[in-house]
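Below you'll find only one chain, the form predicted on its own, shown as structure tokens.
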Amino acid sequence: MAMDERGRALALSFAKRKFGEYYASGPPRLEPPSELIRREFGFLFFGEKFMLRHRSFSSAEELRAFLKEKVPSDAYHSTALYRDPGAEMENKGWIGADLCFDIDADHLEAPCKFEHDRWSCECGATGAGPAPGACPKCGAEGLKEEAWMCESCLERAKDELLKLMEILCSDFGIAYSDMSAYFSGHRGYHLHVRSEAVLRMGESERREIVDYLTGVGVDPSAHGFSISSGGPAPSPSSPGWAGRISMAITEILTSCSEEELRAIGLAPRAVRAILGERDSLLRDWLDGGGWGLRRRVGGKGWGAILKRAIEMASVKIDTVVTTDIHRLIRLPGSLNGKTGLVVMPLGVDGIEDFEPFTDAAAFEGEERVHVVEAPRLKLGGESFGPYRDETVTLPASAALLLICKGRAYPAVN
């Protein structure tokens, strides 16, 4: 079902009013970036398609006043520092840039996508989950996607964030005190590294970091995993990629189902061997990376397991965000225009306990809305929906989320 023009106008007016209330309240979670006067700012506005860029502010108070007066739908700041951040790009005078990472549930393998994501084609074909490369009915590309988010996919994104932070600390020597983590307000998390050690890195150096984290060019034999013969493989406690590959193989042996083992590329005989001898193979592996597993799956199967282990151990990040030294990233403490949730600053010690659908909600009270169509939503510890062509009363943050996602509009008596 599609929302009509009247519904879209009501939704736009409601969202702008609620965002205005938020910025007028002087939100305590708003966190202007360090060296604010060296940052470029950019903004999107309700009902407009262009971004206002090349703005600079002399103080946090000036920035807060702008947000209160203009009420943007989305607010961003540059990861870079400039001599003149308000100038056009070629005249800004690049000084350096934070090392930033974007982890989005879109980049993760999550079965829940088939429960709440949808795609459609102009020919009328529709389907659940991520959109295929081309429509299976007419062959058209560029299919329309409607992505949702749930506790499960955001929990996977959080796990990926924690993995990233651990690798940056253990393999790159970056202190946790130089890392700042944020909930994006939508489908993932951002991590900012602010340190003199990374500030002046160019795009090529950042690309090297990205390749390392994502496992580009990782050769398992160079990390102690022989394809054909040799001594014991590294243990899960080994440093660097050796330990992460070994840990991933441990996970494969421990929890992969028959379907997942077949998807790795293992032959039926190898799958039966792993399922039938799981405990003994796992003991042999943990006792020193013995040859029991490699003998059971054969050379081709062992290669497939190593390939899958590297995929599992890699970090799923938006590589463009990290390599772009002129990137704009969401302003912490602002509202995300796609959800009305707060771009939430997270303390390093508070990441594991963070609940995005509770802690990032910005509004209290209730609102009556007409929901065109929406999957199940959980917010503030309560579940709502699914809904289809219904008028309901919801907590204000849940109502705003549905309105920002284009799924509802304010009910009018």
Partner chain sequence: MFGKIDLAKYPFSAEAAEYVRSRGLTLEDLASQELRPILAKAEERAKEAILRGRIPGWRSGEEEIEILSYPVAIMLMGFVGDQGAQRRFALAEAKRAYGFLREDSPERVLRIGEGTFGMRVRTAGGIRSDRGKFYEFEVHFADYLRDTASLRDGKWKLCNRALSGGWVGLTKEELARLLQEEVYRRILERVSSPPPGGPGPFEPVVSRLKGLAESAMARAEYIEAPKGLILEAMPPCMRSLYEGALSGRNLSHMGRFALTAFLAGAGLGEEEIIRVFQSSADFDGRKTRYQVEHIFGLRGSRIKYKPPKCDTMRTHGLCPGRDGCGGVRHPMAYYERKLGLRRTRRPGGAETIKAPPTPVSPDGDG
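Numbering follows the first chain given and starts at 1. For clarity, every value in this text was computed on a predicted model and none was experimentally measured.
The next section is about a form of this same protein that is not shown, the form predicted in complex with the partner chain.
Comparing 183 to 191, 231 to 239, 278 to 286, 335 to 343 against the partner chain in the model of the complex, the single stretch with non-hydrogen atoms within 4.5 angstroms of it is 231 to 239.
The three marked residues, A9, E109 and W119, fail to reach the partner chain in the model of the complex, with no heavy atom of any inside 4.5 Å.
The partner chain is not shown here, and in the model of the complex it never comes within 4.5 Å of any heavy atom of W291. When contacts are judged by a 4.5 Å heavy atom cut-off, Y176 does not count as touching the partner chain in the model of the complex.
Looking at R296, you'd find every heavy atom of it more than 4.5 angstroms from the partner chain in the model of the complex.
In the model of the complex, none of the heavy atoms of A263 sits within 4.5 Å of a heavy atom of the partner chain. A heavy atom within 4.5 Å of the partner chain in the model of the complex is found for one listed residue only; from T319, S73, S314, S246, this is T319. Residue-level contacts in the model of the complex: of R308, R330, H223, R156, one residue has a heavy atom within 4.5 Å of the partner chain, and it is H223.
Along 8 to 36, a non-hydrogen atom within 4.5 Å of the partner chain in the model of the complex is carried by no residue at all.
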